[in-house]
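Shown next as structure tokens: one chain only, the form predicted on its own.
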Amino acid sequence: MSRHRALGKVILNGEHAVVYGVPAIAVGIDTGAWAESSPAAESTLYVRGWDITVHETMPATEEDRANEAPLGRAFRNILEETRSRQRAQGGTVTANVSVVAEADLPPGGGLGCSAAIGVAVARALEPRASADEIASRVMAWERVFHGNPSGIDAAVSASGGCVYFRRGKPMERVSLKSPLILAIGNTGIASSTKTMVEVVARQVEQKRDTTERAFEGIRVLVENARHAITAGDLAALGKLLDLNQMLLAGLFVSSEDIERMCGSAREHGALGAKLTGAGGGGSVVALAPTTDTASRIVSAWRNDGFSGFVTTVGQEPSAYTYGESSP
């Protein structure tokens, strides 16, 4: 039995605005999720760490359906989507399977935990499917958790590397001139992407001119960040992260803990820092000039009661991205 890996993700620039057609830049990180499958009499999904088992069979009563865990609906959706695509493509249709999955990411942490599990499960259901096909299928899973997802989490989790993403458009690769050393910290407060997207949606409705100016500012930052990454100008990229954080705070998706962690990261040598993901909690990403600096940032966060880790995004996508890893 093989384990099928999926990556976590960090958005460097563009979250929230990406829902409204603004591009975003994101990177895949090795910390992610895995899943493995085996034939079974009934299709089930067990997520280790969460200690949750869900079944493909829909609950019998209306009350049970109303109380069903979102994971159950997501598993049913991805099975239906997988089989539908297989029939349309004239391939072998996935039979009943028992799937076991586990994530190394905190749920609600802004690092693509749900998408990583979804991608790992989708790969376990059909290992030979392309990264683009897997990402497309996982949208049926993501809509259960996030309502109106942009698709960036699934795309990055399935393909890895550094990408320039626009909703509804083909994903574009961004070439890194040098590796990106990132300190990633977690506030310890779970964030609901669906809730935070709704927060911004209300602002779009009530303060359209203000939010559109913010989105346009984020668009400019994303384009400049793309140039900074390809040129290897990490100092410029760090400043763009700081500016993006200011605009996100103006959209009311930051928090006191996020601001505290960003400030601490800058004090300990970060080139720039911002929230990553939905905000309102979740995680912070800080760009560091060296691994030692990144380690100091993480140590400072831990001294303040937050968790964190260091990761490096290489010039080539992770080896986990396309293949299988042994148990």
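For clarity, every value in this text was computed on a predicted model and none was experimentally measured. Start at 1 and count along the sequence shown; that's the residue number.
Although not depicted, the form predicted together with a small molecule is the subject of the following passage.
field: Contacting member of R73, H146, R219, K239, with respect to the small molecule in the predicted complex [4.5 Å, heavy atom]
entry: Of R73, H146, R219, K239, the residue with a heavy atom within 4.5 Å of the small molecule in the predicted complex is H146.
message: Please tell me which of I134, A183, I152, I229 lies within 4.5 Å of the small molecule in the predicted complex, judged by heavy atoms.
response: When the small molecule is considered in the predicted complex, the option within 4.5 Å is I152.
task: Choose one stretch from 65-73, 274-282, 291-299, 45-53: the one whose residues place a heavy atom within 4.5 angstroms of the small molecule in the predicted complex.
output: Every other range fails; the passing one is 274-282.
- request: With heavy atoms only and a cut-off of 4.5 Å, decide whether V197 touches the small molecule in the predicted complex.
  value: Residue-level check for V197: yes, a contact with the small molecule.
- prompt: Does A122 make contact with the small molecule in the predicted complex, using a 4.5 Å heavy atom cut-off?
  reply: A122: no contact with the small molecule in the predicted complex.
query: Is V19 a contact residue for the small molecule in the predicted complex, using a 4.5 Å heavy atom cut-off?
result: Contact check for V19: yes, within 4.5 Å of the small molecule in the predicted complex.
message: Considering non-hydrogen atoms and a 4.5 Å limit, does the small molecule approach A225 in the predicted complex?
response: A225: no contact with the small molecule in the predicted complex.
message: Checking a candidate spot here: are I11, E15 and L111 all in contact with the small molecule in the predicted complex (at least one heavy atom each within 4.5 Å)?
response: All three within 4.5 Å in the predicted complex.
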